[in-house]
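As a starting point, one isolated chain is supplied in structure tokens, in the form predicted on its own.
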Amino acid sequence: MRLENKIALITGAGAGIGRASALAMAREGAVVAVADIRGDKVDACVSEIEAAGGTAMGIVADVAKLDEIDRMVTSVVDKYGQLDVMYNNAGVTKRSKFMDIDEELWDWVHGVNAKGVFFCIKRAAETMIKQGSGSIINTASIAGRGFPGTSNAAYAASKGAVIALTMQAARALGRYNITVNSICPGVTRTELMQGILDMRHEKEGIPMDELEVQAARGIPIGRINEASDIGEMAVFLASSAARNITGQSINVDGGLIMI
């Protein structure tokens, strides 16, 4: 039980990578606070954890809003008295050509993916500094490393920001025994990915099986990530085994990007 007696808060935990990470951390003994903007997804994830014998609480929150970030973290600390793991996973995107990106799309993507991550790090750190320990994990992306198959340039820029924030936060918080790392998923089978494939199928008329082949093309190991692949990395980074790893952004992508 690598995370026994740890309290973990995961944003965007209603589906995809967040849900897989919540289930994985609960299996390893963590009490998991499941946060998502969609209440029905929160309830379903909490129920799944509890049905498997784990302990969880649900929080409906929009991480693009600072007052909701504060409420989210405060509710966890008030209930459990500590916060050991903060996994900033919530993220949004949609497929868009470079010249079609407008201010509305840019602000939506960066409001969640960059602003939300920074202020979740800051708010979690306030508690972890008092404790003298903590692990902060962010979901970045190989898009932030220049992967050309990204959904759009605004998304890539937001994930590049997460990689930079991870290094800055690691330097600022290391003295308090707080580690800060990011996971950079490659092509991953999630609702978000499925939505992009569905849109391409509808707009471009490409058969779904061909889209799946295209998605896996260029991956040396020849396999698209499952969300659980990211969840297992999150468990590792949250555990004592990673106590001396900080400021890193680790690719989980089958070798698609090797930088």
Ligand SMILES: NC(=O)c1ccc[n+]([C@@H]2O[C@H](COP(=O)([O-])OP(=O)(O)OC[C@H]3O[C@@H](n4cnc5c(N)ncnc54)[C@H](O)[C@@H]3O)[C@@H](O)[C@H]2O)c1
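It should be emphasised that the depicted structure is a prediction, and the values quoted were computed from it without experimental measurement. Position 1 is the first residue in the sequence shown; the rest follow in order.
What comes next is about the form predicted together with the ligand, which is not displayed.
Between the ligand and the residues M193, L66, A44, L211, the one pair within 4.5 Å by heavy atoms in the predicted bound form involves M193. For the options A90, V73, A154, L173, the one in contact with the ligand in the predicted bound form, meaning a heavy atom within 4.5 Å, is A90.
Using a 4.5 Å cut-off to the ligand in the predicted bound form, each of V112, S141 and G186 places a heavy atom inside that distance.
The ligand is not drawn, but in the predicted bound form it has a heavy atom within 4.5 Å of A61.
For R38, a non-hydrogen atom is located within 4.5 Å of the ligand in the predicted bound form, even though that partner is not displayed. Taking the partner from the other structure, the ligand in the predicted bound form has a heavy atom within 4.5 Å of a heavy atom of A15.
Listed stretches are 98-106, 82-90, 126-134, 164-172; the contact stretch with the ligand in the predicted bound form is 82-90, by a heavy atom cutoff of 4.5 Å.
The partner is not shown here, and in the predicted bound form the stretch 244-259 never reaches within 4.5 angstroms of the ligand through any heavy atom.
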